[in-house]
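There is one chain below, alone, in structure tokens, taken in the form predicted on its own.
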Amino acid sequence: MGDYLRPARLEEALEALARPCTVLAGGTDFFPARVGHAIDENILDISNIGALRGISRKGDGWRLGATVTWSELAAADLPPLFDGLKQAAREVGGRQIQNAGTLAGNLCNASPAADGVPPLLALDAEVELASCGGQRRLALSQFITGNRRTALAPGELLVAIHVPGTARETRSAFVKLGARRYLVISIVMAAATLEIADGRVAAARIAVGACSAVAQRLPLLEAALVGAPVDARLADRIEPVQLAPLAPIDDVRASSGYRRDAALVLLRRLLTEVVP
């Protein structure tokens, strides 16, 4: 039987990570993975650490604490920049999961079908990592390195997610395809953030999840959107070649061919939704 630790201070948690520990936040991935098995590892429960909670404005951006739940995010008073992430928050399992599951847990679990990853990629998010040796920030695109793999070093803890602000009008959206409407793992999902100036796209960030080991940005599509009028014809700029970064697999939920075709349809729907 391992130890169960529930510190109130971040410094205590980082000191505890000097030995092997499994970090527990909302527990929505932790407990289902251990049904029928004895829990014999050291558990570091970070849910009582005040420094990891809350959403705040920091300079020209926002800081999302590691233990912010999906319900808290969905209810937060945030600008349209966050609309896509809020839409994803309402798609993460059922209400009980949204009340317990955390943003950082979704990232550290590093599932290819993690609903929070595409909208955070489309927001150009960074993660803040802390250890007894100090802190560092890393682009989310560099943090998740593969299926269930991250760049967390031994002794490090993800303490916050940082989202940069934008000076321009910004719109964002998220769409998801599953075998049913709710309580389902994604077959394909996509998120977009568009910065707009004079009625045209000034910058675009588009990401697709569940179609690769790691959710992917689509730079060819992003470049094709820049300069385009923000109108009903925006989705017409999507071409199959722009989906080249994707590497969908065959599994019990869908074939690779279906995922690729569905991604194209979903992206067109996404750009239709983000246009007023």
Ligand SMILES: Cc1cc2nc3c(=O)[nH]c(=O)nc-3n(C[C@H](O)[C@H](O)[C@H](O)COP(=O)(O)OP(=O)(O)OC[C@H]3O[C@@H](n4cnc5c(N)ncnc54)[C@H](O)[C@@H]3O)c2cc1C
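The first residue of the sequence shown is number 1, and the count goes up from there. Keep in mind that this is a model prediction, so the values were computed, not measured.
Unshown form predicted in complex with the named molecule; subsequent notes refer to it.
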Subject >> Heavy atom of residue 205 within 4.5 Å of the named molecule in the predicted bound form >> reply: no
Subject >> Heavy atom of residue 36 within 4.5 Å of the named molecule in the predicted bound form >> reply: no
Original post:
Closest heavy atom of residue 256 to the named molecule in the predicted bound form, within 4.5 Å or not?
Top reply: no
**OP:** Determine whether any heavy atom of residue 28 comes within 4.5 Å of a heavy atom of the named molecule in the predicted bound form, and answer yes or no.
**Re:** yes
Subject >> One stretch from 163 to 171, 85 to 93, 134 to 142, 119 to 127 that, in the predicted bound form, holds residues within 4.5 Å of the named molecule by heavy atom >> reply: 85 to 93
Subject >> Contacting member of 73, 175, 114, 187, with respect to the named molecule in the predicted bound form [4.5 Å, heavy atom] >> reply: 114
Subject >> Option touching the named molecule, based on a heavy atom within 4.5 Å in the predicted bound form, out of 264, 24, 16, 10 >> reply: 24
Subject >> Three-residue site 146, 211 and 242 fully in contact with the named molecule in the predicted bound form at 4.5 Å by heavy atom >> reply: no
**OP:** Let me know which residues along 46 to 74 have a heavy atom within 4.5 Å of the named molecule in the predicted bound form, or say none if there are none.
**Re:** 46, 66, 70
